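Heads up, the chain below is alone and in the form predicted on its own; it's given as structure tokens.
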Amino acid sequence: MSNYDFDRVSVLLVDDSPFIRSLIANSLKVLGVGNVYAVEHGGDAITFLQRVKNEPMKVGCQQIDIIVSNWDMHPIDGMMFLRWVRRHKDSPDRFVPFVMITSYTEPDRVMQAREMGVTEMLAKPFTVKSVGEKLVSIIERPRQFVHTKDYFGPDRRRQAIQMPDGRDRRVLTDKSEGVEIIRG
């Protein structure tokens, strides 16, 4: 892994399992992440983000740089929390990188999370190395954000694919009417 200094990075960790929450928090600390704030579920995370926005001195944090959230939680799960971060008018940062942790890695669930605007997926069981690789991926390969009538979130095309000769099969491109690149 690269020699990154994560000392100034702030991570919001959302997981309802105290054991997994502790495991991920310790993994982030081993990687050198400076500030790890842990809450139990999406509702607590929303409250925490609103407090960071409205009372940063009381919380002791100016902003959250990365969100790491479990998918399955109660009463507000990771997908509902992700929807709030990406789409709600009160979300303090719609562009914050969002890492979804799940043990359900079936393609349809991964596609569902991508459609909602997740930045990275982390499968359970994970290692400190895999957590570190996700952090490095977020830093080294930041995704531009795309806003269409049906989608807002990171560009889902991870790699530039060489198209075969002939017509472009994509209906929409970066220059199509109605497609807006937010961060590039």
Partner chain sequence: MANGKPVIVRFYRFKNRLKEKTAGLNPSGKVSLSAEAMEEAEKALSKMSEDYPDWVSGLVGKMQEQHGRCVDTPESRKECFEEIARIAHDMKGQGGTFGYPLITAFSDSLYGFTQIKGDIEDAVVELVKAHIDAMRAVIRGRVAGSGGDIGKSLTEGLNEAIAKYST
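Positions refer to the first chain, counted from 1. All of these numbers come straight from a predicted model, not from anything done at the bench.
One more form of this protein, predicted together with the partner chain, exists but is not displayed; see below.
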Answer among 63-71, 113-121, 36-44, 50-58 for heavy atoms within 4.5 Å of the partner chain in the predicted complex: the stretch 63-71
Would V9 sit within 4.5 Å of the partner chain in the predicted complex, counting heavy atoms only? yes
Partner proximity in the predicted complex: R157 to the partner chain, non-hydrogen atom cutoff 4.5 Å: no
Any chance W84 has a heavy atom within 4.5 Å of the partner chain in the predicted complex? no
Contact set, 100-117 vs the partner chain in the predicted complex - heavy atom within 4.5 angstroms: S103, Y104
